[in-house]
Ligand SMILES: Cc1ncc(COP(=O)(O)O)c(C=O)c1O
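Below you will find one chain, with nothing else, as structure tokens; this is the form predicted on its own, and questions on how it binds or moves follow later.
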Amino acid sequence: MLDRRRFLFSTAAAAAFAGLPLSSSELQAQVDDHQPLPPKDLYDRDQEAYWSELRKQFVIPADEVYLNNGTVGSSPRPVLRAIMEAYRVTEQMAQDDPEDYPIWGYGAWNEFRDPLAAFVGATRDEIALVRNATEANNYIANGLEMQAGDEVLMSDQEHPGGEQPWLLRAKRYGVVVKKYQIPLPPKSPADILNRVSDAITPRTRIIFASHITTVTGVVQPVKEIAALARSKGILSAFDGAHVIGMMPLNLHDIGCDMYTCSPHKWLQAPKGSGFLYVRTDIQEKLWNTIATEGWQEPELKAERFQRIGSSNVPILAGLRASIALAQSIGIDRIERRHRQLADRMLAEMTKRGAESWTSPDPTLRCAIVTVNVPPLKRMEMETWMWKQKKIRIRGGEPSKLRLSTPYYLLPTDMDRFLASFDEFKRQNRA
């Protein structure tokens, strides 16, 4: 239980993290506005009231509409408080063990790995705590034994943090990067799976692809891709930066060999938290990329991949708090909310003449809607939306919009965006 002085400190830090220019009176208002999570039975009585109450846990100003969880989420108050409380405790340097210091990069830190492993359907010994999906992707690209001419197969919608480690490996060691094309939009899982199958050759050693792509938000049929890879003796690895917190995740059910994640998007975890999953029976095939004490101790299992030197324990406390918050809400409930919001956004944008790059198959989409709106210019619209309307969006050149619909997005927020889009379109038509 935080006393008033400690809570004031935590709230001030939370505001600083959010970049809010708070006056003393506004800071006091934030302290006084420390509300508990909504009661679970409120959801059964009034769903919209439930989500409106959850919106108050986020320090995003009430007059801002945030549609860019696809880049980064906002950590809510319970996560920020966990981070700052962990800083308060660790920085006292009062640990019981004289050899215990607040640097997680040399230890097991099972109190953080255990809840994470349970949340993603894995075991502790298959999970390494890292700083983001990009770092984990580099471990995979650098750690596998591959020869010049060996092929890695990926989609044409990979994030630079997934694609570039392999391009570096290709340039330095002659590994070949091959890509299969994801249709805009794909009409069915087979529309993707057949392209993966057709692109496999006798030199394919690993299929590396995004579970949910950053370009259009398509949910790829990863379970089927993993099974296809296994049937041909090929490794499978998925970049799951968008998945955790957006929908349920069970790595054992997917059946892949490796998986990477950045929980700072949809789980609303702290920036600088992530994980690498390596299935137990292939861990010996992956070399360490960063070496410190323990790198050559196979009995450490996946823990040896998180031994990176000093890092940030309070960030792990925030990650654990973000998992606890998602569990208290219910990940199935979160997924339903995400789908409802995205379905409405997609319907409204297509009604306005936007070209949908989001699949008509509901199994291939969740909380990201991607549309093409020529001749409107994405960057002009993005800048106008923020400067004139305090609405944050994201997209790609020249006319693509990628609209994220997090569970705390309210109908009034969506209405504001849609009205603003209509206004921008009218101005540009004129």
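Here the structure is a predicted model, which means the values were calculated and not measured. Residue numbers here begin at 1 and follow the sequence given.
Unshown form predicted in complex with the ligand; subsequent notes refer to it.
Taking the ligand in the model of the complex as the reference, which of 312, 220, 134, 204 has a non-hydrogen atom within 4.5 Å?
It is 134 that has a heavy atom within 4.5 Å of the partner.
Just one of 214, 283, 142, 74 has a heavy atom within 4.5 angstroms of the ligand in the model of the complex, so which one?
So the residue touching the ligand in the model of the complex, by this definition, is 214.
Pick the stretch from 113-121, 287-295, 263-271, 228-236 whose residues have a heavy atom within 4.5 Å of the ligand in the model of the complex.
Flagged stretch: 263-271.
Report whether the minimum heavy atom distance between residue 159 and the ligand in the model of the complex is within 4.5 Å.
Heavy-atom contact with the ligand at 4.5 Å: present for residue 159.
Hey, in the model of the complex, is residue 242 touching the ligand, heavy atoms inside 4.5 Å?
Yes, residue 242 sits close enough to the ligand in the model of the complex that at least one of its heavy atoms falls within 4.5 Å.
Should residue 306 be classed as touching the ligand in the model of the complex when contacts are defined as heavy atoms within 4.5 Å?
Taking the distances in the model of the complex, the answer for residue 306 is no, it never comes within 4.5 Å of the ligand.
Please run the contact check for residue 210 against the ligand in the model of the complex: heavy atoms, 4.5 angstroms, yes or no?
Answer yes; at least one heavy atom of residue 210 falls within 4.5 Å of the ligand in the model of the complex.
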